[in-house]
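Single chain ahead, written as structure tokens, the form predicted alone.
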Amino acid sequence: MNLNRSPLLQVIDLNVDFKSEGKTTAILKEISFVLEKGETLGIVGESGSGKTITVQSILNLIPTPPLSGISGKILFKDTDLLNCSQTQLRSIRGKEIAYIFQEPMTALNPVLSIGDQIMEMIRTHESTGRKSAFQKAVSLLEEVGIPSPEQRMKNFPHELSGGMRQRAMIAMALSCNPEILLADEPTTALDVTIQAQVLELFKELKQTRGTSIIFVTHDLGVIAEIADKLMVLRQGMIIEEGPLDQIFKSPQQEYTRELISLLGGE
């Protein structure tokens, strides 16, 4: 065993600035954390705390503008993603680190079938023919619990329910067996029953695939179901972090105590 093995992902002193109407604002301030293989990190905080910007920074998904500056290090297997070219990042996005967006209707292409979109992802990153890509896409839809997967391959996003669309997004994210899933509030738009099913799916993926997950949400009740570690953001800064059980049992910050009280923690 290599006791000196580096974390799968390490974010060091991440700073992000936005510029609007000539004014520069610090959005993230000195964000640092690590993610190990097979681990789930939950990121929580109120709206505007910097949760989504943190995960978007990992794959350079923040549009310019408003982005005006970014500094620090984001090390994926010792490669600094902030110093990667767009070509290098494209080879990593989807294949090694996949992003699951909050609202599938805006993330999925409305003029392509679900099957075509999953197959396109597979064929972009793997040397495989259309038939093999089709079979793999069907298997992925089945894995995420979509019934009649061959039939659903032909459906367009608007023909699926919200829960089905989110499952299709997860299937697409899993298509190249990434080591890390970045899940940006993937259960927010779902009803309670479907939300529970999607959370169970994430737990199964972690157990069966050993996938590492960064799960962003405003809901500590959701985080309690899935995370190993918790990071609490406020106004672009980490105010508390550590093992989930430890923070739930003994939060050190008043803001964290308020979140646990307001958002369904115990």
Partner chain sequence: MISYIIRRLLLLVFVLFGVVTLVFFLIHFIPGDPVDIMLGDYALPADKQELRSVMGLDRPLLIQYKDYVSGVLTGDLGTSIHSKRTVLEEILERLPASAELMVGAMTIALLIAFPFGILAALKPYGLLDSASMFASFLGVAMPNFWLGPLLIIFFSIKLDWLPINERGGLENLILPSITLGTAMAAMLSRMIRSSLLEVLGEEYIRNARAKGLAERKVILKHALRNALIPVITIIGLQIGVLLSGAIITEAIFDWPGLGSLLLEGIYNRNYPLVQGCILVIATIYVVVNLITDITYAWVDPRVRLS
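Positions refer to the first chain, counted from 1. Only a predicted model underlies this, so the values are computations on that prediction, with no experimental measurement involved.
What comes next is about the form predicted in complex with its partner chain, which does not appear here.
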- Indicate whether its partner chain has at least one heavy atom within 4.5 Å of a heavy atom of Gln117 in the predicted bound form. yes
- With a 4.5 Å heavy atom cut-off, would you call Asn83 a contact of its partner chain in the predicted bound form? no
- Task: Consider Asn109 of the chain shown here, and say whether it contacts its partner chain in the predicted bound form, taking contact as heavy atoms within 4.5 Å.
- Result: yes
- Contact label in the predicted bound form: Arg90 to its partner chain, heavy atom within 4.5 Å: yes
- Query: in the predicted bound form, which of the listed residues (Leu190, Ile74, Met121, Ile146) lies with a heavy atom within 4.5 Å of its partner chain?
  - Reply: Met121
- Note on the structure: Contact with its partner chain in the predicted bound form, heavy atom within 4.5 Å, among Thr217, Gln56, Ser49, Thr211 goes to Gln56
- Note on the structure: Within 4.5 Å of its partner chain in the predicted bound form by heavy atoms, the stretch out of 190-198, 131-139, 74-82, 98-106 is 98-106
- Query: Using a 4.5 Å cut-off on heavy atoms, what residues in 166-184 are near its partner chain in the predicted bound form?
  - Reply: Met169, Met172
